[in-house]
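A lone chain, given as structure tokens: the form predicted on its own.
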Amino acid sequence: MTAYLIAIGSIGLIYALLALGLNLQWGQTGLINFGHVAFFAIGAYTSGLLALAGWPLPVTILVAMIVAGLAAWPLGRLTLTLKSDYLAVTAIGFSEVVRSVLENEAWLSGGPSGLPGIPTLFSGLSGLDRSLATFAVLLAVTVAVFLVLQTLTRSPFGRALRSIRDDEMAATALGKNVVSFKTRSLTLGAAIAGLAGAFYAHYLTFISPEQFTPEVTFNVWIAVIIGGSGSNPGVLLGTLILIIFLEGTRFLGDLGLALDGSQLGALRFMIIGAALVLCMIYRPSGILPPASRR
């Protein structure tokens, strides 16, 4: 039971990193990024491939963040001069292109078979000790990212992002370089997703393209919306609620329901969808929105 809880906690922290990155892009800047999973995948594969080539893990994780961020930069420069809808559409297409490349370029990514044998953190430890050490590092990294984003939110940069989110024309009239601010927000959020991907690869020690579907992006969106867009503490709470829902509904089969596996899976998503609808009706700003929206 302890090992199970640590595993759920570790995956939950990885999702928390993803949600914090998306909250910077959407909650603070108003960027509709439906391709967040692409940067998660880029980070995972970058760190995994470099680690398999013998690079030290701290270096591979740092490079994964940089590569994920650099992948977002041209996307931002090409689309952020247009209406926000274009970024949403382009981001979905970009994430599918990334997944298609991972599936078809077997010489690089292993193709549909994925990458097995990725070095894990704390390989000198075994069993529960390694899981605990990995969880502790993930917790420390998540807290560090949270504190950095909280500081960023209160800085002039953060206030500029929110002014762009609330009224882009007014921000432009005040002399703000809107495209530059948006691009930096998109790049930084993508780098955080790349960080989450790197930890994901080293935690599971195996990755394949089927782990990076649009479902991951939409789960992260659910966490951000339920917790409260624009609120980093709210996003962490939303992630916790999402993980409880996702894991709790796995045990629906134990209730004696006469449903097969696919029907239980559909019921599980219906319950999660209904919870999201109820949240939007009764808490449209999220459970823990920013103080200015309470």
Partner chain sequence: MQLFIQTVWDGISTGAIIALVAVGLSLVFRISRFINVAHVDFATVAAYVTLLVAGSTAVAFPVAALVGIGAVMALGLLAYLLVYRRLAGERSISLIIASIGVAFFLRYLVTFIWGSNQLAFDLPVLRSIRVAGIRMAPFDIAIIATTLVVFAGLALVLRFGAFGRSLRAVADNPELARVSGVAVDRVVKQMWLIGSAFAAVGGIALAAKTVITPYLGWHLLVPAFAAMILGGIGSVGGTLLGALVIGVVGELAAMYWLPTYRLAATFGVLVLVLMIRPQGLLGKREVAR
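Note that the structure is a prediction, hence the values are computed from the model and not measured. Positions refer to the first chain, counted from 1. In this text, the rigid core denotes the largest set of C-alpha atoms whose superposition between the two forms falls within 1.5 Å.
Same protein, other form: the form predicted in complex with its partner chain, not shown, and the subject of what follows.
Although the partner is absent from the chain shown here, Arg165, Gln263 and Phe269 each have a heavy atom within 4.5 Å of its partner chain in the model of the complex.
Partner contact region in the model of the complex: 86-94, out of 134-142, 86-94, 183-191, 115-123, criterion any non-hydrogen atom within 4.5 Å of its partner chain. In the model of the complex, its partner chain lies farther than 4.5 Å from every heavy atom of Gly111. Of the heavy atoms in Leu78, some are within 4.5 Å of its partner chain in the model of the complex. Proximity of Ile225 to its partner chain in the model of the complex: non-hydrogen atoms within 4.5 Å are present.
Its partner chain is not shown here, but in the model of the complex it comes within 4.5 Å of a heavy atom of Trp221.
Looking at 96-124, the residues that come within 4.5 Å of its partner chain in the model of the complex, counting any heavy atom, are Glu96, Val97, Ser100, Val101, Asn104, Glu105. Once the cores line up, the CA of Leu276 ends up 2 angstroms or more apart between the shown form and the other one.
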